[in-house]
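What follows is one chain in structure tokens, specifically the form predicted on its own.
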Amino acid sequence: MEKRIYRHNEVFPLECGGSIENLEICYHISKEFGSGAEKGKKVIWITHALTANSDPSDWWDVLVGEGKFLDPRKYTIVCANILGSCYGSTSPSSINPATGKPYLLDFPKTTVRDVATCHNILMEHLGIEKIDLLTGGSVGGFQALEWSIMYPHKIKNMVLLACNSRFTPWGSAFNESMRMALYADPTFASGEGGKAGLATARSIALISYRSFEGYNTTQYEQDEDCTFPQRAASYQRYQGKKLVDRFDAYSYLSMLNLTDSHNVGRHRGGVEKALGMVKARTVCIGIDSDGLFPVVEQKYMAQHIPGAKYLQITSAFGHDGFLLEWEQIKEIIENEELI
């Protein structure tokens, strides 16, 4: 897949007020797109999760890539980086035209609807009229669902993985704990990086992404006589550093705020009415061990999206199962003939 940048030449208004000038959307697309060779190929649009990037062959490499199930040579595959992320789209590290300096904490709050609007702008720029399969997990599912409500006739089939229709107090509690971690680092508010806060926030997040069984399987101490177990603690520190090495604390704050905004029923008469607006043939996939987005949430969406189906996959790894249980996901897409 090929990385490209779309530069929007109009002021981009935000749902919460304010606007962004010089909007840039970073995206990856099948290399041959634009050569004419893409004509007649089905379009698969993938929406990415919280700290991922626009290259699904990087973070979903078991499913996406040459010779894989979702082959960019066989299909036109598109994935756009979330507004506010640090992987190429306009973000807190971008230059604020009002000051000539990076936005950092002055970056405006954005919503899932803003991101869906960005996707649609890019879709129109690319000249794509219909998406044959729209799919995303977690925050990617938020984007896909919102987009399918805003522009229902543009989406033919949709797979929603491990997500919900309105962010819960349970999820917001994790988000606030992570924001507290960011601001507890004095270098965050001062604009000097916030790396320690970001590492702590990631450690908090990881607990919500995994499961009791997953941790006890992979992080159990081998020494039965150990007095102070360190394996799980070391793993948390490792994962914190790993994110610090590849992500930005100010973008992380933007992603947390974006996640909190997720509510498809806002100004639409409620969630059930909004879900009823979806026209895409939809499959909602739940993960049996997901503690962040329990299966009751995907069942609820399937119940209220017209003609939708609920299917469940099994994983020992909680919410992260949407990234790891690729064989089960592949089987569902094949069996349901979604592409």
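One-based numbering along the sequence shown. Source: prediction; values computed, not measured.
Omitted from view is the form predicted together with a further copy of the same chain, to which the following refers.
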Considering non-hydrogen atoms and a 4.5 Å limit, does a further copy of the same chain approach Ser251 in the predicted complex?
no
Whether Phe174 contacts a further copy of the same chain in the predicted complex should be assessed with a 4.5 Å heavy atom distance threshold; does it?
yes
Might Val11 be said to contact a further copy of the same chain in the predicted complex, defining contact as any heavy atom within 4.5 Å?
no
Would you classify Tyr75 as touching a further copy of the same chain in the predicted complex, given a 4.5 Å non-hydrogen atom cut-off?
no
To test your reading of this chain, name the stretch in 143 to 151, 81 to 89, 164 to 172, 121 to 129 whose heavy atoms come within 4.5 Å of a further copy of the same chain in the predicted complex.
164 to 172
Does a further copy of the same chain, in the predicted complex, lie within 4.5 angstroms of each residue among Asn53, Glu66 and Leu105, using heavy atoms as the measure?
no
In the predicted complex, which residues of 193 to 232 put a heavy atom within 4.5 Å of a further copy of the same chain?
Ala196, Gly197, Ala199, Thr200, Ser203, Ile204, Ile207, Arg210, Ser211, Phe212, Tyr215, Asn216, Gln219, Tyr220, Glu221, Asp223, Glu224, Asp225, Cys226, Thr227, Phe228, Pro229, Ala232
